[in-house]
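Have a look below at one chain only, the form predicted on its own, in structure tokens format.
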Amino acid sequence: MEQRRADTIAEALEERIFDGTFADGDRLDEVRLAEQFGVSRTPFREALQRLARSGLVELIPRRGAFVRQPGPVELLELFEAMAEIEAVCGRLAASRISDAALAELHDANRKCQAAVTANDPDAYYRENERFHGVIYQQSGNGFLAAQAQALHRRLQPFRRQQLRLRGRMAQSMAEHEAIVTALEQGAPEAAANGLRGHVAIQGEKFHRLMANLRDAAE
């Protein structure tokens, strides 16, 4: 219950950062905000830790928590690294994935499609997290899976925000289906290329995300 409360607070704070309620460099008043959310300081501090892992908040000892928005170069570098890490996970998973894991990917995709139909990006993202987590695990490399999961958490608010771009959920859904097909066929390069293209955020896609973040902050 405490963890779910912390997750809910973190998501609400993410929205306030993106919509400009909290600007870059603002100090987040822990006592006041915990009172606003009606929670103790423990789940609120856990929410701040999650935001710190995403790079949206900087925790400074004896000073507090401050909003920190990564710049476009840093964000592009993070997505570039994430795309390559996921590609490696996909390549390994193509020869190691179990039938049970493939069934779970199909189930996640069914729920993703329902979210596309309902135009619910938050529901889509929850199943999207499960989808990617299965692939990390099925890489069969515990160290790689842990690094992928850590970077996934770091980019979580930006990946969530990206899903709000017009047409992105439907495009993501098509990419998911191609990735599962490659995994079912045991095609490592197709799986790697599918995941790399799915996560990479370059060119027009990157400009659209940055524009969306700027619009939310204005």
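Whichever C-alpha set is largest while still superposing within 1.5 Å between the two forms counts as the rigid core. Residue numbers run from 1 along the displayed sequence. The model shown is predicted, which means the values in this text are computed figures rather than measured ones.
This next part talks about the form predicted together with a further copy of the same chain, which is not shown.
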- Task: Look at the candidate spot formed by Asn141, Leu144 and Gln147 and say whether a further copy of the same chain comes within 4.5 Å of a heavy atom in all three of them in the model of the complex.
- Result: yes
- Note on the structure: In contact with a further copy of the same chain in the model of the complex (heavy atoms, 4.5 Å), from 180-188, 166-174, 52-60, 32-40, is stretch 52-60
- Query: Any of the heavy atoms of Leu28 lying within 4.5 Å of a further copy of the same chain in the model of the complex?
  - Reply: no
- Task: Examine Leu92 and determine whether its closest non-hydrogen atom to a further copy of the same chain in the model of the complex is within 4.5 angstroms.
- Result: yes
- Indicate whether Leu151 is a 4.5 Å heavy atom neighbour of a further copy of the same chain in the model of the complex. yes
- Message: in the model of the complex, does Arg96 come within 4.5 Å of a further copy of the same chain, counting heavy atoms only?
- Response: yes
- For the stretch 55-94, return the residues whose heavy atoms include at least one within 4.5 Å of a further copy of the same chain in the model of the complex, in the order they occur. Leu59, Pro61, Glu77, Leu78, Glu80, Ala81, Glu84, Val88, Arg91, Leu92
- Query: Can we say the CA of Arg45 moves by at least 2 Å between the shown form and the other one when the core is superposed?
  - Reply: yes
- Task: Explain in one word, closer or farther, how the Cα atoms of Glu11 and Ala145 are placed in the model of the complex relative to this form, where the distance changes by 3 Å or more.
- Result: closer
- Note whether the distance between the C-alpha atoms of Ser54 and Phe143 decreases (closer) or increases (farther) in the model of the complex, against the displayed form; the change is 3 Å or more. closer
